[in-house]
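Only one chain is given next, in structure tokens, and it is the form predicted on its own.
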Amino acid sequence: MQADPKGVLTGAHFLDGDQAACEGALAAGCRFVAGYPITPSTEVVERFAARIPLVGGVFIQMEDEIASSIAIQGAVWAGQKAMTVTSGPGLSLMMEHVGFAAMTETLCVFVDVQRAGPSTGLPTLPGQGDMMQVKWGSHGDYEPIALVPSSPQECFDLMIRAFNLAETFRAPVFFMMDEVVGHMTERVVIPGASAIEVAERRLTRKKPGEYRPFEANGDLVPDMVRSGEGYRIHVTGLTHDERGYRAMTAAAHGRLVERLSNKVRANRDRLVDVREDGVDGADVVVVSYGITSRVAARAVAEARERGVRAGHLRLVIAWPFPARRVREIAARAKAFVVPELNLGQMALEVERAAGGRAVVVPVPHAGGTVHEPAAILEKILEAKG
């Protein structure tokens, strides 16, 4: 393997999505992973366990997903970039700690390689049924950030971005792969370290005694410190003030939760990321994400061969959802077609954003396999009228 002096791979490699995600995490500076084996995500941590001694990090196989999702948060407060890796059933168990990370502004990455569910479902086969879980899974109000790769190359590239966003917004970030993307092998090009933009932690310049761990500094995002460096830190999932001490009033709760949400909402336009193909002037626009995007691209091409003005809108970041762009398209297009490996989750968001200006046609699939292009093409032809 060709690696730079820090042990990070460089050059062109044939990797599956799970392996590429691991390499992206290493390139982003992740040096602590806690996880519990679960199909189809295990290959991420298997590779990490083999690679991490070369770069001076730590992998711990925990007793379960609950322990994994809190162990990474301890590592973050000690100064590390950290992530955990799981699939749908494990993500369900982690939801309490997702809320804790949001409330305590503990930046970390949750990797979810989706499989068909609910419950144990089909462990080795694909699904996309966790999209609403990452939006609403933990109780209370918070704004998640969720990236959705559609290729092993994007697994590498977007993993770096996931860590950068976590550092920038001091928030948990979700990395929503699916089994097919996780297990497909393709050429992945890994640039040298000098060509990779890595966001470093924003540490306070204040002296101990002056620093407050939850005091925002103009951009709604507080600076951090490393535990053990002389700073006094109190971290609690209870409603808290700028010092981190509990503040049991509705007024304090409103100030805190609104800031936690607004630090993402105020940057929605900066965060939204879609890829467009022939959307302007299209009568029918297919909205897709993950592996379904690759099937949808074939269906869109076939629709165009039949004379249909079809466009393709691919979500790279699913949360925040690109509601403004969907509204703009809905003002001109006749219909949206939304294929996904669930019985209709993100289709609801498209419908909400379209606001009745355009018809929304779901193409549901319970998972276990991917769509046939013909199934999506059929809905495109129906939608064009």
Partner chain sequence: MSEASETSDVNHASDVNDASEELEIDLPEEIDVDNPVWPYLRKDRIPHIWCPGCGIGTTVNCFARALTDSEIDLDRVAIVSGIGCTGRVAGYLNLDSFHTTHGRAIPFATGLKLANPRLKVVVYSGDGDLFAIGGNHFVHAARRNMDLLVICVNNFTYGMTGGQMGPTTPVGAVQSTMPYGNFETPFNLPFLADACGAVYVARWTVYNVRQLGRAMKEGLEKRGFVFIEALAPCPTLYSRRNKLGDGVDQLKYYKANSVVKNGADTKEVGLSFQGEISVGKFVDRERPTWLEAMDAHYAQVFAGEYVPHGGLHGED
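The structure displayed is predicted, hence computed values, not measured ones. Residue numbers count along the first chain shown, from 1.
This next part talks about the form predicted together with the partner chain, which is not shown.
Shown without its partner, this chain lists Ala347, Ala67, Ala353, Ala335 as candidates; in the predicted complex, only Ala67 has a non-hydrogen atom within 4.5 angstroms of the partner chain. Out of the listed residues Thr204, Ser261, Thr185, Ser227, Ser227 is the one that sits within 4.5 Å of the partner chain in the predicted complex by at least one heavy atom. Look at 307-315, 147-155, 189-197, 245-253: in the predicted complex, residues with non-hydrogen atoms within 4.5 angstroms of the partner chain sit in 245-253. Highlighted residues Phe32, Ile60 and Ala75: every one comes within 4.5 Å of the partner chain in the predicted complex, counting any heavy atom.
Contact between Ser138 and the partner chain in the predicted complex is not found at the 4.5 Å heavy atom cutoff. Although the partner is absent from this view, Asp277 stays clear of the partner chain in the predicted complex, with no non-hydrogen atom inside 4.5 angstroms. The partner chain is not shown here, and in the predicted complex it never comes within 4.5 Å of any heavy atom of Phe169. Residue contact check for Ala71: one or more of its heavy atoms lie within 4.5 Å of the partner chain in the predicted complex. Applying a 4.5 Å heavy atom cutoff to the partner chain in the predicted complex picks out Trp77, Ala78, Gly79, Gln80, Glu96, His97, Phe100 from 77-103, in order along the sequence.
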